[in-house]
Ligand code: BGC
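Given as structure tokens, the chain that follows is alone and in the form predicted on its own.
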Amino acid sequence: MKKKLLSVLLAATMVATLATGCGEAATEETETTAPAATEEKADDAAETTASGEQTVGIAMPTQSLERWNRDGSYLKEQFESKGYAVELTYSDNKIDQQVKDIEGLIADDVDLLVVAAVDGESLSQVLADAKDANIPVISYDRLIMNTDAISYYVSFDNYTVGKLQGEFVIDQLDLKNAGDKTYNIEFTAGDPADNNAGFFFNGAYDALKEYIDAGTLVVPSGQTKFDQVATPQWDTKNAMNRMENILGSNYGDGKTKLDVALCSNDSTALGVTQAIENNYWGDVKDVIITGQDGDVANLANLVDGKQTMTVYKAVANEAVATLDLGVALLNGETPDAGLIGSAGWSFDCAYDTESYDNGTGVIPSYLLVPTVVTKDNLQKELVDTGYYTLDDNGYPQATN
């Protein structure tokens, strides 16, 4: 219960700090109003380090997506609450900037690195430097590839995220009892540079494959491969432009109906929703649109019936898991499955030593379980847990 209370209180506290940024997420690109600077350091970092305390370096990919602001803030709050100094950087989705950020953290003699990569393929050299400096590295949320410097991976079960989206479609359309009925579906996946994007897509596609093979689900665009449906940097405009082209080429006769737009996350879902509203003859509310992350703009669309579901990943819980793992590493321990029991987490988490091979070997992973959120359970899953409040009109807002 202590962990659950900590997570809920942290969610409420940190959402308050993000109130301005989250409010801006309703813009076309779900951007926040975060400062332009790429690096934020704890005010007392130098003083704390000088007194002999340990420092944690946190490298986040960007401030332009709402979720990474939440992750960075939650992680910073968690480690500082335990007395650690924290240096938090954001890299504006630029690989070279993130390399420089991590080089700076290494030069500052941090004792632990927590890294959510801009590009999971591009950090091998700088993390080799971290290994040479005996700095343990936690790969956060996105698996970092082709380096043996990674100590552990903390994320959600990313394949399950996609599987939940696919299973939601199966249930909504009652595909198991479809008979001769057919439905049209289009896929929108994520950033090819994000190792998670393939897991999300494969989880969804594998869940739906038998219905695609049977002809119950039809893909009029013919785009069923990850590289065909991927969206660089998860960009809302890119997702919108691609869907506009698909709609114009395959649904422009005023008769061909789009039944499902399976989107891997909320920023792409926002673009797809805009394309459907602007360039499709039917009603967006008749299209099943999936997402992931629980961005404020998308939750508003959930309330309005424009988006059907989102897979919510409680990043406050991810931060709790990362904190306990990080503390163990800073204490010179070698955590394993026993950490889950000893930490007393109130949320579900699995210890996995088989699934995530980054090219140098399998990385021990702590995988949290995500939650399907719809208009019907939004109150229970997001409001009652303290992550959001509802305004007078019933729209989710950051806590004031």
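Fair warning: this is a prediction, and the values are worked out from it, not measured in the lab. When you see a residue number, it is the position in the sequence shown, counting from 1.
A second form of this protein, the form predicted in complex with the ligand, is not displayed here; the remarks below concern that form.
Heavy atoms within 4.5 Å of the ligand in the predicted complex are found in exactly one of 137 to 145, 236 to 244, 120 to 128, 270 to 278, that being 137 to 145. Every member of the trio Leu65, Phe200 and Asp293 reaches the ligand in the predicted complex with some non-hydrogen atom inside 4.5 Å.
Taking the partner from elsewhere, Thr188 is found to have every heavy atom lying beyond 4.5 Å of the ligand in the predicted complex. Contact check for Lys313: a non-hydrogen atom falls within 4.5 Å of the ligand in the predicted complex. Thr322 falls outside the set of residues with a heavy atom inside 4.5 Å of the ligand in the predicted complex. In the predicted complex, the ligand stays beyond 4.5 Å of every heavy atom belonging to Asn298.
The contact with the ligand in the predicted complex, taken as any heavy atom within 4.5 Å, belongs to Asn265 out of Asn265, Thr231, Gln165, Gln307. For the residues Asn317, Asn196, Ser91, Ser73, the 4.5 Å heavy atom test against the ligand in the predicted complex is passed only by Asn196.
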